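Just one chain is shown here, as structure tokens, and it is the form predicted alone.
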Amino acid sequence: MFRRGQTATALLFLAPFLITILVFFFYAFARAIYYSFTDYNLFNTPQLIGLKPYLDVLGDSLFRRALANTLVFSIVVTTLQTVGALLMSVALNNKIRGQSFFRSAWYMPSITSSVVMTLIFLWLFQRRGVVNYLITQWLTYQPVILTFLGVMIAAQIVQVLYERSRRLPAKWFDPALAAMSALIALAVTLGLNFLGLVGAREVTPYDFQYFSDSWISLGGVRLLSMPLLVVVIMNTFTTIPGLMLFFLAGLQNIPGSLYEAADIDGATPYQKLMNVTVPMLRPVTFYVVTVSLIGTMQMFDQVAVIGSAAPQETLITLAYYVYTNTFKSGAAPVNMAAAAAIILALIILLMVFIQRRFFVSPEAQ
């Protein structure tokens, strides 16, 4: 129980935060709800018109495209982020040499500005960018690379079977045997290249335009555009390190005795991951998925930076739809932007509620 003086002191220290929340969240949210039922366009006196803004928004094909893009983006990125962050945290939780260095290095993408990362990915995926160059090199040297890999795999299989025939405990990925297989493959590939049987070939430079109106479709339904796929890759790459920290903190709280018991039972690393690590990290997973869903549903900055470099329909999200309607030149349909913002907020609340209700264990709540 707080005494009166302690309560006043607590409220005094919390005042800046509470005032900020009241002004920039509750007041702004209430104003958005009010505008969503009016004909407000930034310059007129708002008049109540009922549900018309919501009907206009739902009848707008660009809003439906923004909604589809947002949902696909949110589901794909949240899945990739969660799985990637979990695997990365498990890898970095092992006691290896240079552990601190690897943890710091892998965290660097998350502290880089999203604008800078977007510009880097624009450079990578432009028509004469690095990605198209690497694909061209792969097509050029494909016969050489495939020959090397094929001979290396064959040599590894022969070596492992030979060692096992001698009753020696050889593993399929034994590093010493793999090094010998690589040397054999290198010698064979160079020999075939010298004889003119295998070599680089002439190919036309790969010339794919990633920021064009191209789509990944299923049954004739446009699911994911190529520009949005680039944003998915970028967003996943930059956010995994940050989410990894939550899993790392959760891993520190798992009792080591559980892993020792699993070792005694002869569990493999995969079995320990699925039967010990994943169940014990359910509360952390709930938090990570919730944060990821909210963040991806509100994705805006990458789309704003790319801007007109890609067709609007391929990239637009709900947050960007709200922005474009609020700051449109002339009489902006702010009422439609407010209605879209309210719909976005309701979708986020619904997704979090469903996840909390059906996909989370009781201890996470």
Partner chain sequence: MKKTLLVSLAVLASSAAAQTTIKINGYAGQDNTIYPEMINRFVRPQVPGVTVSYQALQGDYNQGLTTLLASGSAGDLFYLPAETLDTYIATGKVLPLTGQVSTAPFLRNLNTTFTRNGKVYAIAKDFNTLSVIYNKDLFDEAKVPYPNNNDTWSSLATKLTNLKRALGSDYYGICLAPDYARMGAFAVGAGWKPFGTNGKTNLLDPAFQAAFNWFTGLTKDKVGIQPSELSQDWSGGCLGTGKVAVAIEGNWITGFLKDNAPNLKYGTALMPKANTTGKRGNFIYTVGWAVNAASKNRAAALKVLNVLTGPQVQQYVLQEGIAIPSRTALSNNAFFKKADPAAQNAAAVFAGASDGNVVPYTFGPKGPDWAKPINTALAAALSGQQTPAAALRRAQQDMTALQSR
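Numbering follows the first chain given and starts at 1. Nothing here was measured: the structure is a model prediction, and the numbers come from that model.
There is another form of the same protein, the form predicted together with its partner chain; it is not shown, and what comes next is about it.
### Task
Could you tell me which stretch in 66 to 74, 292 to 300, 310 to 318, 31 to 39 has residues with non-hydrogen atoms within 4.5 Å of its partner chain in the predicted bound form?
Checking each option against the 4.5 Å cut-off leaves 310 to 318.
#### Entry: Among the candidates T136, S110, Q209, N93, the residue which, in the predicted bound form, approaches its partner chain to within 4.5 Å (heavy atoms)
Filtering the options by heavy-atom distance leaves Q209.
### Query
Do I306 and its partner chain come within 4.5 Å of each other in the predicted bound form, heavy atoms counted?
No.
### Task
Consider S214 of the chain shown here, and say whether it contacts its partner chain in the predicted bound form, taking contact as heavy atoms within 4.5 Å.
Although its partner chain is absent here, S214 would touch it in the predicted bound form, with heavy atoms inside 4.5 Å.
### Message
Can you tell me whether A331 touches its partner chain? I mean in the predicted bound form, with a 4.5 angstroms heavy atom cut-off.
### Response
Close contact exists here: in the predicted bound form, A331 approaches its partner chain to within 4.5 Å, heavy atoms only.
### Heavy atom of Y27 within 4.5 Å of its partner chain in the predicted bound form
Contact with its partner chain, no.
#### Entry: Contact set, 102 to 137 vs its partner chain in the predicted bound form - heavy atom within 4.5 angstroms
R127, R128, in sequence order.
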